[in-house]
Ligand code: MRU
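Take a look at this one chain, the form predicted alone, written out in structure tokens.
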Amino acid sequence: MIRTVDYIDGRVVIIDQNRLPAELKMVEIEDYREVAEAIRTMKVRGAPALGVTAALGIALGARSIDAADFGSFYSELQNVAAEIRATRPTAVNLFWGVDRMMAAAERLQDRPVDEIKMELDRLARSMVEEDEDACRQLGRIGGELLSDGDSVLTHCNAGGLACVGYGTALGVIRGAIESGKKLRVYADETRPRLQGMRLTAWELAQDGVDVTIIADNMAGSLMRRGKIDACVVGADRIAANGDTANKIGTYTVAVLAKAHSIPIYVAAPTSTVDLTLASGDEILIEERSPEEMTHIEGCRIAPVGVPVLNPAFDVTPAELITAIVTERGIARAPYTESLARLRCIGTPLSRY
């Protein structure tokens, strides 16, 4: 599959996900402001992809700064970082990507500005590779949780389109299939932006995976009829206690899975784990435009004047989650201990 996000010849190259599935369109970006706009308008989305894209935006911004000394350079770079941080509030990977780049710049402050720019460029490129490698490792680990013949429900899109490539939730599914298991996947539509229908179903169909689209309100019925063996979802932020923010509707799937004794696995890189938050109550939930609910392709389907609620995410309590799959291993309850341990495993992901 083509990379969702890449860095080629000093340009950020993304798939415009608002065009899918009708058109596969690549967009080349040379200005960090356009990176911020692509994030804000969801041309690029998905927590891991946002982290990498944010880092690449910092690299582009750094290249554009005309400053001879570190103080002037870093002051302007902080403005770049502030604009990218302000795009979307819930996915912690976005802030992780920005913070990692800014920390690298600070550590390099004794070097010439041009050298700092080159090193930031190198770090951003390395993060592209790291994300894809992490997803493949996560997929291999998580694939072991699924059995041959399973029917798996997934919500929203946590595939290659939500990462640099391969995916988190879909990475687990791909990992199981690559190990020789046969799976059937149910992709719920995921209102209001329909990422499950538009993106997940498109991805899996491209790979020749057995995928069926269902409406969001069909999941419980399928579970009651014994049609679902496991649920696998992604995450935008995981608190220290395992509470997980993901696309709105994930909590509903988790409650239904619990009621029917079906395991639900959260798949995410360790960069999605936010140990600074004790619980999901502290996660800021993004509220998006009412038009996402009231209009379909510019056509209004809701009565004028009726208020609309459109939170982009909800929080699934840790007690409903069977396990959290990361590239460093599988966390299980008590998550406060297991997630902290996984976050500390291994060496830093780069020399920065």
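This one's a predicted model, so the numbers in the text were calculated from it and none came from an experiment. In this text, residue numbers run from 1 along the sequence as written.
Below, we refer to the form predicted in complex with the ligand, which is not included among the displayed structures.
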- Listed range touching the ligand, judged in the predicted bound form by heavy atoms within 4.5 Å, from 201 to 209, 228 to 236, 120 to 128, 104 to 112: 228 to 236
- Item | the ligand contact at residue 46 in the predicted bound form, heavy atom, 4.5 Å | yes
- Query: Heavy atoms within 4.5 Å of the ligand in the predicted bound form: does residue 42 have any?
  - Reply: yes
- Message: With a cut-off of 4.5 Å between heavy atoms, is residue 156 one of the residues that contacts the ligand in the predicted bound form?
- Response: yes
- Decide whether residue 172 counts as a contact residue for the ligand in the predicted bound form under a heavy atom distance cut-off of 4.5 Å. no
- Item | Contact residue in the predicted bound form, from 187, 162, 273, 94 (heavy atom within 4.5 Å of the ligand) | 162
- Item | Heavy atom contacts to the ligand in the predicted bound form at 4.5 Å, residues of 75 to 90 in sequence order | 88
